[in-house]
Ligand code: HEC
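Here you get one chain, nothing else, as structure tokens; it is the form predicted on its own.
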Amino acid sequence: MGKVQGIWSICFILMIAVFLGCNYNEQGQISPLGKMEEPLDNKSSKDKIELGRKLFFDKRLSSNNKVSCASCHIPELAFTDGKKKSIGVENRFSMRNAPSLLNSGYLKTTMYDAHIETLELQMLVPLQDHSEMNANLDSVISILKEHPEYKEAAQTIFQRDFDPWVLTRSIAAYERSLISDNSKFDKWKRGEATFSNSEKRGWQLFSKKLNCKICHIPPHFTNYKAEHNGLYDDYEIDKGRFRIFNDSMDIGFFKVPSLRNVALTAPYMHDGSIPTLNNVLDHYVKGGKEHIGKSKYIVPFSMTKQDRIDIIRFLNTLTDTSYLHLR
């Protein structure tokens, strides 16, 4: 009877998980990140993801055949590139620091300006940007549609010739497959790992004393919004979200990045201007620069040397490289 009850208990849990729309990660656990919503016109499949992966690493997407999506989004660096600003075709610098693509399928909006609503639309931006891939979409399609493997995959998966729809949907499907949800923090939350005393103190500092989770909300460690963190007192070089809507109230607003894998994604901020996590803490300890749009939560505070050690050790618990098998 106990065995039967146990089976029914497991079934009940699974039924609840399905009802709540839970996702399971590759370890067979309910993902702490919750359910990922997919567009109705781009449901994922193994073959679609694989086609997207190949396109992601294909340098023929750029005008000089030397830059791929992976040139600026390197798997080993949590799909960032370790540079202040990415380098595109003809060694041109991109406008901003390359953000991580991990867990990008959960994004409400993409880009630092938080204005593009889907990954399918977002990928057209770097593809056609003069400083990044500088591609002519028609030219790229005319080249790729003659590739036998791509031609066959387009017909098999989408029942159509290789075209912009196939290109954007495939790469977006691959990006949605890039999940990082099995960090030491996640294991600790499940009772499968033990935090050191320093990591525990770091978590307490992060979540309570310093209240970092106002903007970096677990489990995603972002609020998905554009915020003003007082990085500069003058935003003449890059006005942030202002450039999209020309609203002066948007000057200095940039989307809050997730802190998952933050130990792998230096340098930091939208322009890569802060080299280390210690320097990031320096910025927030000082309360940022004064600017009319700065968040009311960015204020000066004190931090001991041990506090710094503890919070950085906690941030390191957010690292998870199990996604690397997907590269």
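Numbers follow the displayed sequence, beginning with 1. Everything numeric in this text was worked out from a predicted model, so none of it was measured.
One more form of this protein, predicted together with heme C (HEC), exists but is not displayed; see below.
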{"query": "Residue among I179, I87, I143, I157 with a heavy atom within 4.5 Å of heme C (HEC) in the predicted bound form", "finding": "I87"}
{"query": "Proximity to heme C (HEC) in the predicted bound form, single hit among I30, M36, V262, I49 (heavy atom within 4.5 Å)", "finding": "V262"}
{"query": "Triplet P99, I171 and Y284 all within 4.5 Å of heme C (HEC) in the predicted bound form via a heavy atom", "finding": "yes"}
{"query": "Segment assignment from 143-151, 180-188, 220-228, 193-201: heavy atom within 4.5 Å of heme C (HEC) in the predicted bound form", "finding": "220-228"}
{"query": "Residue contact check: H270 to heme C (HEC) in the predicted bound form, 4.5 Å heavy atom", "finding": "yes"}
{"query": "4.5 Å heavy atom contact, F254 to heme C (HEC) in the predicted bound form", "finding": "yes"}
{"query": "Close approach of K208 to heme C (HEC) in the predicted bound form, 4.5 Å, heavy atom", "finding": "no"}
{"query": "R241, heavy atom within 4.5 angstroms of heme C (HEC) in the predicted bound form", "finding": "no"}
{"query": "Partner contacts for 286-302, taking heme C (HEC) in the predicted bound form and a 4.5 Å heavy atom cut-off", "finding": "S295, Y297, I298, F301"}
